[in-house]
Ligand SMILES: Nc1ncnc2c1ncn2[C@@H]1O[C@H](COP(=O)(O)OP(=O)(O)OP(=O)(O)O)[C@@H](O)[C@H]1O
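Given as structure tokens, the chain that follows is alone and in the form predicted alone.
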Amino acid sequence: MDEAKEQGKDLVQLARLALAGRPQDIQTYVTRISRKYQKLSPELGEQLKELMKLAPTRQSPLRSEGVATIPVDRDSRLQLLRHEPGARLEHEPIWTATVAEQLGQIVSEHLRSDELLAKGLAPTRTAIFTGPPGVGKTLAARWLAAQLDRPLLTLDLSAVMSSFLGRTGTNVRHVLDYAKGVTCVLLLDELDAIAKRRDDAQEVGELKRLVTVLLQEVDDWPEGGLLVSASNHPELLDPAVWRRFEMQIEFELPEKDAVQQAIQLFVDDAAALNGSWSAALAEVLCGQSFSDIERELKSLRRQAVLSKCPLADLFPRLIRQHIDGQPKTARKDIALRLAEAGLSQRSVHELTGISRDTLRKLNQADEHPLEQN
């Protein structure tokens, strides 16, 4: 009798998943009950096990077959998702140790999902990335897609707010239902856009409905899928939003060591960038995001090409742009690095405002550090 009740519960759950159009979740559920029935009903358990052997793998699941085209706006006919079929990275990301560990865990869980399922567990389904603009949140989503060999689908919620707000979240639901049917990494960008617009008295009802739709979809995200949200303003998010995400990853502005790595990466000219220039540039660029650093250095490289001058000759121009507002201790460090890079004391003084006498003392202190103790 107990066995019949168990089979009845499992049949109802399978029917629910089938009617909801969630074949990947059906696979997950069948995998679980096949282990259970190997004890309760060995013959049935073995049949389910054999069926799973014939089913598509998790790397190429059933739900990727026969997928509909990407949803479009009914008026403009523009696609509602940005689709990157093969995520490509221009360069290796620079992460803090904590961020690298958390991202690596997500990848490991999905690549070794069978080991987790064997213990009744599932890989992380949802994660939220927070931090200021330009620190690598979107890059991290693209990196995850590349590591898992999945397409990256991006839904920009700030665009959703302007385009779909009067439609009570219907189009958003269509988009997320579509993404559930594709083996992908889905990025919900600008999640805080919803919170930012809650003070609009005319639209508050629509906003509440849209938030409800999103939270329901996140709750219902299928096992084996990966949904990532990104927010530049986590302080605006409702506590109910935080509870929906299994992993929370905070991206911070890069520290000086990471800034120096970024400079070496984006300059891409070892001959132009000796250690002293790298250290001096890191001093003035510290506190900026990776995207800001990349933008400024690429601009400098373009100027070097068009003016047909060595890139290193333009580094002082970048120093000059950022030296104002630097504390005196930082300007002293910058002055010392510039002297080491080969600039004259006069040029160093003009760039940093540090006097020649002070620079000579800094040089002596740097050459004989033990004598200063």
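In this text, all values refer to a predicted model and were calculated from it rather than measured experimentally. Note that residue numbering begins at 1 and tracks the sequence as displayed.
We do not show the form predicted together with the named molecule, though everything after this point is about it.
Undergrad: Within 4.5 Å, heavy atoms only, one stretch in 113-121, 171-179, 210-218, 127-135 touches the named molecule in the predicted complex. Which?
TA: Among the listed stretches, the partner-contacting one is 127-135.
Undergrad: Does any heavy atom of H91 come within 4.5 Å of a heavy atom of the named molecule in the predicted complex?
TA: Yes, contact at 4.5 Å.
Undergrad: Mark W277 yes when one of its heavy atoms lies within 4.5 Å of a heavy atom of the named molecule in the predicted complex, and no otherwise.
TA: W277 lies outside the contact set for the named molecule.
Undergrad: Using the partner position in the predicted complex, report whether E294 sits within 4.5 Å of the named molecule, counting heavy atoms only.
TA: Yes.
Undergrad: Using 4.5 Å between non-hydrogen atoms, is W143 touching the named molecule in the predicted complex?
TA: No, W143 sits far enough from the named molecule in the predicted complex that none of its heavy atoms falls within 4.5 Å.
Undergrad: Of E190, E109, D269, E84, which residue is found within 4.5 angstroms of the named molecule in the predicted complex when only non-hydrogen atoms are counted?
TA: Contact with the named molecule in the predicted complex is made by E190 alone.
Undergrad: Go through L80, I194, L139, A282 and name the one with a heavy atom inside 4.5 Å of the named molecule in the predicted complex.
TA: The option sitting close enough to the partner is L139.
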